[in-house]
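To begin, one chain is listed below as structure tokens, in the form predicted on its own.
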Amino acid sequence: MKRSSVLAFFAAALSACASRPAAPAQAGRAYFVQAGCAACHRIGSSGNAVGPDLTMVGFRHSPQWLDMWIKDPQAWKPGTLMPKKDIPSDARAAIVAYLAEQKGQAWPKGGRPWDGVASAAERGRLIYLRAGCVACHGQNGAGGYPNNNVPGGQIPSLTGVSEGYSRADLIAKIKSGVPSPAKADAAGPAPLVWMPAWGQVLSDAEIGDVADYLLALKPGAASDGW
């Protein structure tokens, strides 16, 4: 779609929302669909699985990061498959409000996607994908995703966790998260991506399944480009 057509589309959508006031998150859901985000991203049972699942994106990313990412994905991660779209600031703010609310409530009330899977490692793999660990640590834990002001400039790969963590240690780390990653420059800004305390939203059994999956990972897997 040409830039002029995109801007005209969002101008019309903004005008419609102005005539029918709605909460930012409610309007954001409409903009999310109108911008074509659901063609790549899934929330709950809606959308596609081309890109990372966003059902819990509000738990693992701040509104500040979401706004920056949507505004210019290439500025944060050059070469990403996520396209830059000319979304007006009001519409982008509404999309951010909608995504910031996504903390797992969109999954069907009957259970989460991994419920009923027999293999612990397979349940862990599904949690890794659907809860969104993959969006920071890459496919198969391969890493390569950026973070600002951290040593090496990247979020750690997980393919070597079996060499540095026992199962109990890994479970404890996943449960408590890493709210303040080490800075490369102590005087510089805080890193914009951190590991949330997954114990707030995942059960002990689910975290154990993730640990089993991570401990089985091997080096050499490629990232998916997101």
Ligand code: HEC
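For clarity, every value in this text was computed on a predicted model and none was experimentally measured. Residues carry their position along the shown sequence, with the first being 1.
From this point on, the text means the form predicted in complex with the ligand, which you will not see here.
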{"item": "Contact flag, Lys173 vs the ligand in the predicted bound form, heavy atom cut 4.5 Å", "value": "yes"}
{"item": "Residue contact check: Ala27 to the ligand in the predicted bound form, 4.5 Å heavy atom", "value": "no"}
{"item": "Contact test in the predicted bound form: Leu202 vs the ligand, heavy atoms, 4.5 Å", "value": "yes"}
{"item": "His137, heavy atom within 4.5 angstroms of the ligand in the predicted bound form", "value": "yes"}
{"item": "Partner-contacting position among Met82, Ala142, Ala121, Ala97 - heavy atom within 4.5 Å of the ligand in the predicted bound form", "value": "Met82"}
{"item": "Interface residues of 185 to 201 toward the ligand, as seen in the predicted bound form [heavy atoms, 4.5 Å]", "value": "Val193, Trp194, Met195, Pro196, Trp198"}
